[in-house]
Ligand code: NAD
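This document starts with one chain, in the form predicted on its own, laid out as C-alpha cells.
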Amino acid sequence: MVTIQVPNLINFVADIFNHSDSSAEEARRIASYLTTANLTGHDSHGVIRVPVYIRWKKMGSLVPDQTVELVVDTPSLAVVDGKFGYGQTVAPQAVKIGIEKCKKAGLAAVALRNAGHIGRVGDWAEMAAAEGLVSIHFVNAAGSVLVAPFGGVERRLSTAPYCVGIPRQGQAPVVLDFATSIVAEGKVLVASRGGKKLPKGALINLDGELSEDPSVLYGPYEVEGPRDHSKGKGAIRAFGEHKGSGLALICELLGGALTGTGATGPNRRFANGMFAVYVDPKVVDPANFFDGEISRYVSYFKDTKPAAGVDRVLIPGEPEAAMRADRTQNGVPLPDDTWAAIVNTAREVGVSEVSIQRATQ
C-alpha cells in the first residue's frame, strides 16, 4: 500500500491527462474529480480509473475538451449531447444548465446523452445542492453490460447508478448515491488490484454459482495488466433482489432510453446517460417549512438505539464526509497494484520520471 498526499495526487494525475491531449484546465478538472472520489471513500470511481480512461482515449472512445451540444432547449427542459467528452468535462456543463433553468422556472430536467464516464454521481448532486437545489439522477452506462437481473445469470444491465441530493442550510447536503448492483464495477476493479475484497456473493457465474472472485467478471488477467470485462463470462448481481433489479431497469429506461444514449447492450460504444430532475425548494416551499423539517426528521432518524456492533446510525453522506476529512489530512491510500498500473500509464503517455518520483514525496 502506498499513501499519496492529495495535492501530489492531483498534480500527478493532471500531468498524465495533460500528456494525453487534454488541456491543462481539463486535465486538472479530471484529476480533481477522480481524487475527490478517493477522498470520499469511493475508490472505485477514483484514480484507479486513470489507466481505463487513457485506454479509452487511445481507442477513440473518449474525446478531450468537448463542449456539449444543446439538442433541445426549453425554459424547463434541455437535452444535452456530450459528444463522448470526458464525463468530468461534459457532466458539469449539463448540470450547470439544469441549475440555471431551475433557478428561473423552479423545476427543470436535463437529459445528458453520450457522455464519457461521469465518475461519482454524487459530485453532480453536490453541485446542485451547493446552489440550494434538490436533484434526482438516473444514470446508465451503454455498452457496459455487467449486471444480471434478479432471477437471471446472464448480463443485461449496467451498474445503473441512482442518486439524490438534498441541500441543508448551514450543513452538508444529504446525498444518496449508489450503484443498483451489489457493487459497482469499479469495486471489482479495486478488488482485482489488491484492494478491498468483494462482499460474499457479489458475482454470479453462468452456472448460477455465487462468487467473490474478480476473474468471474474479467476472465484471467495479469496482475499489472488491463482488466476487460468483455473477457469474463459471469456477472455482478443486482442488489436487493427484485427491488434493486427493478430500480436498475428504471435507470436504464430513463438514463439510457429517454436521454437518447440508449439502454445498455452488447457491442456498443461506452457512454453514460443521465436524466436529472432539479427542484428549487424556495419555490415549492414559500413558507420555509422544508429545511426545519429536514433537521427535525434527520435528528429523529438518527436518534435510535444502534444495533449490536454499530456505533451510531448515519445518514447518507456522513461516511463520505468522515473519510474526506481523514484522507485530506493523511493522504489517499492506494493498493500497490493500483499505483503500479497508474505509474505504468504515466510512463506510456510520456510523463517524466521526475514527476513520478515527486508524486510520492
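The structure presented is a predicted model; accordingly, all values stated were derived computationally and were not measured. In case it trips you up, residue 1 is the first one in the sequence shown, and so on.
If you look for the form predicted in complex with ligand NAD, you will not find it shown, but the lines that follow are about it.
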Sort through 227-235, 212-220, 172-180, 259-267 and report the only stretch with a non-hydrogen atom within 4.5 Å of ligand NAD in the predicted complex. 172-180
Looking at ligand NAD in the predicted complex, do all three of Gly98, His137 and Pro281 come within 4.5 Å of it through at least one heavy atom? no
For Arg327, is any heavy atom within 4.5 Å of ligand NAD in the predicted complex, or not? no
My question is simply whether Met274 lines the interface with ligand NAD in the predicted complex - judged by any non-hydrogen atom within 4.5 Å. no
Given that ligand NAD is not shown alongside this chain, does Ala184 nevertheless sit within 4.5 Å of it in the predicted complex, heavy atom to heavy atom? yes
Heavy atoms within 4.5 Å of ligand NAD in the predicted complex: does Val52 have any? no
As a check of understanding, the residue in Ala248, Val80, Val121, Val147 with any heavy atom within 4.5 Å of ligand NAD in the predicted complex should be identified as Val121
Looking at Pro306, Pro319, Gly292, Gly60, which is the one with a non-hydrogen atom within 4.5 Å of ligand NAD in the predicted complex? Pro319
Using a 4.5 Å cut-off on heavy atoms, which residues of 143-163 contact ligand NAD in the predicted complex? Thr159, Pro161
